[in-house]
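Quick setup: one chain, the form predicted alone, written in structure tokens, and binding and motion questions come after.
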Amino acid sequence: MTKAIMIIPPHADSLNIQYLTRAAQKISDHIEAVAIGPKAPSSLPKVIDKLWHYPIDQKSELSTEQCYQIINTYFEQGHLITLSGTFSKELMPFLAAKLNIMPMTDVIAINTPHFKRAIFAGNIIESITSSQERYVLSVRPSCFKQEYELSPLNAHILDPLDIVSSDQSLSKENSDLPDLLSANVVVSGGRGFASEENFKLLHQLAKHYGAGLGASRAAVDQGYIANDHQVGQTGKIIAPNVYIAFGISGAVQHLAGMKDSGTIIAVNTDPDAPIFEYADIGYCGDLFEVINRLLAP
């Protein structure tokens, strides 16, 4: 049976890895994991057979081309699977094109050789029957939730290849905050913050409460925050227990990324903002006033 190679994204936390493991189990009984970065996970679900680690310097970053070289050199066989997100949107299509394999992105259900994925902002579920001998896919972690018993697993170190670091690097998230894909609570900001400096206040709030930090496409386009944090159809699809939107109007593109959240709270000065139609709790008022109250001792 063809093995599944889990590509562990940078800064993926334990829960993300467990959800990825659940998805990998659905395509193979033999699962191996590969981590490309300064450190390898210290423990993994017991069902994982082997952990590979390609070590790089703490300050080094690799481009998609360089990651492809590593994966193609050491993992010529096996299905390739990772989590949906900025990392996968950069890497997986590149891998698929190089390997001449049709990629399947944002997969929400697996019953090999049958797959389901969300398209058109999640309004349509596409069913795919794949006849390929090898899969390249990314999966929504919220659709494969399962916690495993973890155990220490010694990493097998891969020999370094003759490649150099690149400025065209895979995106990385702020490591001082919970991973956006698995955070139970996410605070997210939009154009209403008006500046990058103001947006730092939301970062403080996220750090204060141990929440994930999200953003609308408008906030990313304005340069308030890196696109690692974008929530939406062209960003990350998340489903936290609580999602708090500050200064986000609620465009369809954004709603596609967070509409499956448990409880949605919206803060906006515009009483007619579309997001209020989807919010469980809405507050029409100044977002800075609300955040300052939440940060007050």
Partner chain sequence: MKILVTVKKTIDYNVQAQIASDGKSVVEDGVKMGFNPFCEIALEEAIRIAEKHPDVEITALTIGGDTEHDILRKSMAMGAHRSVLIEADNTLDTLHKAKILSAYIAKEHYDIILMGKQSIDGDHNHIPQMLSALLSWDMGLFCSEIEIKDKSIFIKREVDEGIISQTINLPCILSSDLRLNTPRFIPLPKIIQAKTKPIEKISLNSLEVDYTPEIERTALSLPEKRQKGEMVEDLDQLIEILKGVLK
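The term rigid core refers to the maximal set of C-alpha atoms that superpose within 1.5 Å between the two forms. Numbering follows the first chain given and starts at 1. Quantities reported herein were computed from a predicted structural model and do not represent experimental measurements.
Although it is not shown, the form predicted together with its partner chain is what the next lines describe.
With the partner omitted from this view, the residue of 200, 156, 98, 145 that lies near its partner chain in the predicted complex is 98 [heavy atom within 4.5 Å]. A heavy atom within 4.5 Å of its partner chain in the predicted complex is found for exactly one of 178, 85, 141, 192: 85. Under a 4.5 angstroms non-hydrogen atom cutoff, its partner chain in the predicted complex lacks residue 38 among its neighbouring residues. Taking the partner from elsewhere, residue 120 is found to have a heavy atom lying within 4.5 Å of its partner chain in the predicted complex.
Heavy atoms of residue 69 never reach within 4.5 Å of its partner chain in the predicted complex, leaving it off the interface.
Shown alone here, residue 11 lies within 4.5 Å of its partner chain in the predicted complex, counting heavy atoms only. Comparing 126-134, 192-200, 145-153, 71-79 against its partner chain in the predicted complex, the single stretch with non-hydrogen atoms within 4.5 angstroms of it is 126-134. Proximity to its partner chain in the predicted complex holds for all of 102, 185 and 265, with the criterion being a heavy atom within 4.5 Å.
Of the residues in 258-297, those that come within 4.5 Å of its partner chain in the predicted complex through at least one heavy atom are, in sequence order, 259, 260, 261, 262, 263, 264, 265, 267, 276, 277, 278, 279, 280, 281, 282, 283, 284, 289, 290, 293, 294. Residue displacement note: residue 32 has its CA displaced by under 2 Å between the shown form and the other one (rigid core superposed). For residue 212, the Cα coordinates differ by 2 angstroms or more between the shown form and the other one after the core has been superposed. When the rigid core is held fixed, the Cα atom of residue 253 travels 2 angstroms or more between the shown form and the other one. The distance between the CA atoms of residue 99 and residue 228 is at least 3 Å longer in the predicted complex than in the form shown here.
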